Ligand SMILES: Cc1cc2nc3c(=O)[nH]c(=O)nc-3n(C[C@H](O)[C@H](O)[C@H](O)COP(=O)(O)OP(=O)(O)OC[C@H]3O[C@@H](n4cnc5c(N)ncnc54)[C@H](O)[C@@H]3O)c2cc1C
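Take a look at this one chain, the form predicted on its own, written out in structure tokens.
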């Protein structure tokens, strides 16, 4: 049996390792399209602030890890999949046959269709190559514009601030992290960042980027001290905004979102991502999908959607690999959409149906002065979602109660009055040995 895994992110790596564990005698090929060892994009911010070297981003630290598992790690870019003959055709015209195929091709950064996005000095922050370019350009004192204050943008934000740059964040929505925070909590994160010296412009759009010219009084005229060295403004960029004055920047970083990488999935059924069934099988026989490219079941809604988060990638990988070895032996019941974010020391989290459900109840406690907020969402007496800021001790408990769909009984009324008693409710309802009634 030859298992071919395309993609060397967390989904691909976990799948290859699971395949080896479940199918010791098989041939396993792990194919990636970057000239790097498999690495975690979530580790890139630590590389940006020099906490780790590039090797520290690697998913597996032992250089012989894949060889020791008899996993053939290769580099190559897939042009298309021929599902009839069960072959992957690469851009160099070489072919890799397979008996079972897993597409774990991840996501691709999106860029808004505005003038100047292809200029030198404008970068995404998605690959190690991107990170190296940013490190070269984001020296202490450099003027940096970060487009996007979503999950990825906020991770990059802290790394840039710690590099000592003059940072402006531009976000189209009316709050930061709009896909995981409501208007109030997103606004609190903005206030927190501004107190740390970061300029944040919400409800603001970049209209275009151009080279700053002589008319700006810059080129060949102005020198500044950046990282202890004199720098002229010859490479400066003018960033035009819809509702604020233009910004002169040395570097522009685009973090406006990602989209599933389904380019090589031509011929398969796709929507936002690759469509799969409850076994993570695609519309083609013996072809599976996992991770950011996969439109899998959402635990909370029962619907199929793309969850571009690492825990989902790992869970998809294990389920898909199990079914590649033993067809339709393991159903995927759905992944919990959960995000935990550290923004300059302020921890925020959202999980499940955090915006609430029809006919449900909401419990809320907040202390804006201390940047604390906890909101619980219920369907009857079951916790179905949560949104929090500054309550780090509750994240695991909230996830456990949501995923186990534990009936809370009388504890639901207690939590409606005081959501911070969630740990007591968990111990009483999810741990029968210590169960007790609320006081």
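Owing to the predicted nature of the structure, the values given are computational and were not obtained by experimental measurement. Residue numbers count along the first chain shown, from 1.
From this point on, the text means the form predicted together with the named molecule, which you will not see here.
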Look up in the model of the complex whether residue 149 has a non-hydrogen atom within 4.5 angstroms of the named molecule, and give yes or no. no
Tell me, yes or no, whether residue 9 is in contact with the named molecule in the model of the complex, where a contact means a heavy atom of each within 4.5 Å. yes
Proximity of residue 141 to the named molecule in the model of the complex, heavy atoms at 4.5 Å: no
Using the partner position in the model of the complex, report whether residue 44 sits within 4.5 Å of the named molecule, counting heavy atoms only. yes
Listed residue that, although the named molecule is not shown, lies within 4.5 Å of it in the model of the complex (heavy atoms), from 311, 164, 178, 360: 311
Listed residue that, although the named molecule is not shown, lies within 4.5 Å of it in the model of the complex (heavy atoms), from 168, 322, 204, 261: 261
Residue stretch of 191-199, 295-303, 102-110, 347-355 approaching the named molecule in the model of the complex, non-hydrogen atom distance within 4.5 Å: 102-110
If you apply a 4.5 angstroms heavy atom cut-off, which residues in 174-209 are near the named molecule in the model of the complex? none
